[in-house]
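There is one chain below, alone, in structure tokens, taken in the form predicted on its own.
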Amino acid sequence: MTEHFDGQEAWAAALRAHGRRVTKQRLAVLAAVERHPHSPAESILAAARAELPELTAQSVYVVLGDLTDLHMLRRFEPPHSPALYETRVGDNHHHAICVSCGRVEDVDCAVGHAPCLTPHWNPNAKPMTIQIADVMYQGICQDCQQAQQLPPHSPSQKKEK
């Protein structure tokens, strides 16, 4: 089941359910991540400061860590990128990342239900019970594909004489 919270009242109720005080810092960070999914901490800080200008970077990092530990936020680390955060938690979705522009899209479970992939163990392995399969697709998004197919000199780049 995917947990997805909207609005300050839902976030406040979730914080209370996890035994946390409802603070303006926590609500600002949750709202920023909700509005800007798949964002790094620095972008979350900038977005949250629009609502709460006195918010410090340290506060944002502490709140992000705490909410991730509570499973109210999900943290994932694409290659060659800082950790990214999102509010989509409680399911086993994956991510597709554009290697050109860094765009991130959610991708539902690859096959069936969680963990959605079954490993084939080598004979010397000690098999585990798999709970989550974390798949990261890497490719080129449609916008980048279209941009790369433009002729070397598009009409908007012609020099005026």
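Note that the structure is a prediction, hence the values are computed from the model and not measured. In case it trips you up, residue 1 is the first one in the sequence shown, and so on.
Just so you know, the form predicted together with the DNA exists too; it's not on screen, but the next bit is about it.
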The single option of D69, E42, D134, D108 touching the DNA in the model of the complex, heavy atom within 4.5 Å: E42
Heavy atom contact within 4.5 Å of the DNA in the model of the complex, the stretch among 123 to 131, 30 to 38, 100 to 108, 61 to 69: 61 to 69
Contact of P82 with the DNA in the model of the complex (heavy atom, 4.5 Å): yes
Exercise: C144 in contact with the DNA in the model of the complex, heavy atom 4.5 Å: no
Residue contact check: A47 to the DNA in the model of the complex, 4.5 Å heavy atom: no
Contact of A10 with the DNA in the model of the complex (heavy atom, 4.5 Å): no
Members of 134 to 149 lying within 4.5 angstroms of the DNA, judged by heavy atom, in the model of the complex: none
